[in-house]
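Read the single chain below, which is given as structure tokens and is the form predicted alone.
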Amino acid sequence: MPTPTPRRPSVRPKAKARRAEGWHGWDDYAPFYDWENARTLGRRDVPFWRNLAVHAGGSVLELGCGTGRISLPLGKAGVHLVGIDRSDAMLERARARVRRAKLAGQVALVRGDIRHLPFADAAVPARRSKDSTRRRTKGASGFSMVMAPYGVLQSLLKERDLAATLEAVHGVLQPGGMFGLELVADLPSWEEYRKRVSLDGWRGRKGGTRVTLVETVRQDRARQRTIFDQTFTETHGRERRVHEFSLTFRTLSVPQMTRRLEKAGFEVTALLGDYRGGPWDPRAEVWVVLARKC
């Protein structure tokens, strides 16, 4: 009889022992983020953000840039983009992509907290010259556009954190600059379920690593939160690794977000229900809010 392969212990994040914060779990999620998104959202939103950024007329800041899923296509389109994220694990993958694409002069990546944007006096981080030394672009003061794609702001679980982020965004935008954000459309009514196989497939070439996502979804309606308990299992031959972590999102509606934007000094200019510019309604599959700095 063959010798059984010993199971490796599950990888459990220390964050589970602490009160949940929106940034908990994202370092653990980094190895699976692109694999999952390729099978769910894919690149459907990329042309939308690229079009806005190309016509913004200046530098663009992306909040929660992650692995560079949107940053890289925008950089390739000629947009001078600064991406900020709190997760080193996510940024490591984004930096590798930037190097491979030779976009170091076009895309700058910063580790930081979106509640306290590290750009003093609304100054845009300068482009890199060919010798990679940093220099300030003459006349640069603020970003022409700030973008928060696919649910980034919903990882801010406390009202004061969202308020601080909106204030910080307002501070780094040029007068009249655009702020575009997207909310996950169906979070308020997301079905609760337990240990459901959500995704199953290969990573890399077939015959490489098989990845299975088993997911539990919980709603904490009293605190307006949706919690995704994730179990990713990697199987390569007889080797098996299990990674367990949770991602928590705040459930906010479009009207709730527009009120907060107006309070923070923005004028809401469009509510969109798809990536082609169609109007928003509560049943739309896409919830995008566009606003400008007053």
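It should be emphasised that the depicted structure is a prediction, and the values quoted were computed from it without experimental measurement. Just count from 1 along the sequence shown to find any residue number.
Note that the form predicted in complex with a small molecule isn't included here; everything after this is about it.
Taking the partner from the other structure, the small molecule in the model of the complex has no heavy atom within 4.5 Å of any heavy atom of Phe119.
For Trp190, no non-hydrogen atom is located within 4.5 Å of the small molecule in the model of the complex, even though that partner is not displayed. Although the partner is absent here, Met90 lies within 4.5 Å of the small molecule in the model of the complex, judged by heavy atoms. Among residues of the shown chain, Gly112 is one whose heavy atoms approach the small molecule to within 4.5 Å in the model of the complex. With the partner omitted here, the stretch from 150-158, 99-107, 167-175, 209-217 that lies within 4.5 Å of the small molecule by heavy atoms in the model of the complex is 150-158.
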